[in-house]
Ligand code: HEC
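In structure tokens, one chain follows: the form predicted alone.
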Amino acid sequence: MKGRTGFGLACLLIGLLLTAAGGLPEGYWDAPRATTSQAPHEWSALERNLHPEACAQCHVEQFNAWKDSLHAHAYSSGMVGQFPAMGLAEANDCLRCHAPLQEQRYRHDADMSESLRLRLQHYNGFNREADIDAVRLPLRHSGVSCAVCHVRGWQRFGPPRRGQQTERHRDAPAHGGFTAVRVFEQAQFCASCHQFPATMAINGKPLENTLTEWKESHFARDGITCQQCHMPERRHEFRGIHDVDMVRKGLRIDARLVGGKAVLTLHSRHIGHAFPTYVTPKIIVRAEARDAAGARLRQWQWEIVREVVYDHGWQELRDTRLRPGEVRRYEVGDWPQHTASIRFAIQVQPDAFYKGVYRNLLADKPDALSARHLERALRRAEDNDYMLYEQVLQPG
């Protein structure tokens, strides 16, 4: 990447524009606001509290699943570390997906600076034990929390109860009940942050194109939605490429010797969009020929990635991702004399693009507050790499 503008736009790679989802009240995702001027006068302080710790007093299971998700940590150091150089308006644009409520926006520069200082002091933007008396941080620090998806104008919205399809308001003792809306279980609901508009296309594809990728797959035709894979049994875990078990479940991987060659086969069986769906991860496939002592004689490498750069505008350098249902073979042959084994390995780097962004930003000598955030984000991104698969074959 080159140029300050490219770095400022980097937060777009984490999320930007909100789009409408059918079945919800008018303007649900248009500058979403959880409150109005006054809460119902008969409500308790707990009912008026929008922090996830308040929701956890009754919805314990949902809170405990959510608190380890990337949604809970969407107000991240990697994003906010860019804000001082970007300015208030552009920072608030980033919050449109990372802390989407109007109540989470920065009010002024001092508000933003204080929030960044607080973020360094508190790794989590919420109290993991759901201690409501310990809530001190601004609501934006909890990222994409309960109120972001479920509260508008003090009213609560959610999916119909299990086994039911009726969309209607249901009375309950707490916070005036809730309104059941089927779109909470439809893929379109996730488009709010996971489908960028066509105006942000690079080489004909938006930076994030997940809903379109899904619509073009057999998963859409078969009625398998985002929620069924990423929120099974309505669990609020939102697992994705950072989760090794999730990725292993989505792929069938096989390595074997075939006709004098070593062949690794990847089959995208249970992934309803491109693998990976976004421009930030990179998957590295390696094969190594080794001698009897384990010394490497030769190495082959392939990358599964959508690689983009910003240089006076976004450019796509390559797109080698797997599409839903695709089977791909990686073959090696003519290995060196004295080869005793062929080792295949697949490494996943969920934040590969961001690592480059953070390093470049740090090389530009940002202010001390930004540098501390970016250094923390770089360490975390590096720690997120993992080995997905290893297999050793022994040629006869």
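From 1 onward, residues are counted along the sequence shown. Predicted model only: the values in this text are computed from it and were never measured.
Another form exists, predicted in complex with heme C (HEC); not displayed. Remarks below refer to it.
Contact check for R286, R328 and L393: none of the three has a heavy atom within 4.5 Å of heme C (HEC) in the model of the complex.
A single residue from the set M112, C146, I304, A255 has any heavy atom within 4.5 angstroms of heme C (HEC) in the model of the complex; that residue is C146. Between heme C (HEC) and the residues A39, L50, A371, A340, the one pair within 4.5 Å by heavy atoms in the model of the complex involves L50. You can rule out all but one of 120-128, 308-316, 256-264, 148-156: in the model of the complex, only 148-156 has residues with a heavy atom within 4.5 Å of heme C (HEC). Heme C (HEC) is not drawn, but in the model of the complex it has no heavy atom within 4.5 Å of H169. Proximity of H230 to heme C (HEC) in the model of the complex falls within the 4.5 Å heavy atom cutoff. In the model of the complex, W300 stays away from heme C (HEC), with no heavy atom inside 4.5 Å.
Looking at M246, you'd find a heavy atom of it within 4.5 angstroms of heme C (HEC) in the model of the complex. The partner is not shown here, but in the model of the complex the stretch 93-113 reaches within 4.5 angstroms of heme C (HEC) through a heavy atom at D93, C94, R96, C97, H98, P100. Between the C-alpha atoms of M79 and R128, a gap widened by no less than 3 Å is obtained in the model of the complex, as opposed to the form on display. Relative to this form, Y75 and R128 separate from one another in the model of the complex, with their C-alpha atoms ending up at least 3 Å farther apart.
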